[in-house]
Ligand code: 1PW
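The chain that follows stands alone, in the form predicted alone, written as structure tokens.
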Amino acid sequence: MAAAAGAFSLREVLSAFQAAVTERREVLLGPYLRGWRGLVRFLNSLGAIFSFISKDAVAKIQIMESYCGGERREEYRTLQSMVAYELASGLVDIQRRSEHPDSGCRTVLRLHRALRWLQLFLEGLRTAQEDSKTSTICTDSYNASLAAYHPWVVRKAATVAFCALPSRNAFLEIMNVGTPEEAVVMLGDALPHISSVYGITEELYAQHKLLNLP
């Protein structure tokens, strides 16, 4: 059953990321962006704490949706076709962010980095003890991923904000799949699909030396 409009549903995120990877290990951008829309609802359900990440993610999702629905939509059907097209067409700023600040490759890279943080955070929630501090889980996940790309003032504000996070069980209830125990089980089902999308993207970007785009 679909979640109420605007509500986060872990089941829908699982379905989207599962559908995103083809048998040829291509990443379909349509399901990928649907999965991200679901993750944004997760961030928004936590209040203003994560607005600095969710607002940026929404902006990036909108850029990518315009490409996927635009005149060159066939080039943006998969992550692989997008990378091939933009590199061949000179649409990626390799050295400095100048002529193409909103290229698909650069935009997805920003989502890719944020996905790593969410992947680590959700995995931490899944494996933690019931009385574990979510602020610690979130801070550790952030420091291992997004923090490296944020200025000091943002890192400091984020760390302070994380201290106000709800309990682990409150997080699991936000998943909208039943009891905390059922949420843990579904996280176990969902995270391999998110990890698969992340891993394929990381491999593709490394292959084309795109992981450090300005």
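Sequential numbering from 1, following the sequence displayed. Note that the structure is predicted; figures quoted are calculated from it, not measured.
If you look for the form predicted together with the ligand, you will not find it shown, but the lines that follow are about it.
- Site residues Arg106, Leu118 and Phe121 are all in contact with the ligand in the predicted complex, judged by any heavy atom within 4.5 Å.
- Using a 4.5 Å cutoff between non-hydrogen atoms, Tyr32 does not count as a contact of the ligand in the predicted complex.
- Interface residue remark: Ala114 is counted as part of the site for the ligand in the predicted complex, having a heavy atom within 4.5 Å.
- The ligand in the predicted complex is approached by Asp56, whose closest heavy atom lies within 4.5 angstroms of it.
- Residue contact check for Ala170: none of its heavy atoms lie within 4.5 Å of the ligand in the predicted complex.
- Comment: the ligand is not present in this chain, but in the predicted complex one of Ile49, Val184, Leu146, Cys68 has a heavy atom within 4.5 Å of it, namely Leu146.
- Exactly one listed residue, out of Ile61, Val177, Leu43, Leu28, brings a non-hydrogen atom to within 4.5 Å of the ligand in the predicted complex: Leu43.
- Residues of 144 to 164 lying near the ligand in the predicted complex, listed in sequence order, are Leu146, His150, Val154, the criterion being any heavy atom within 4.5 Å.
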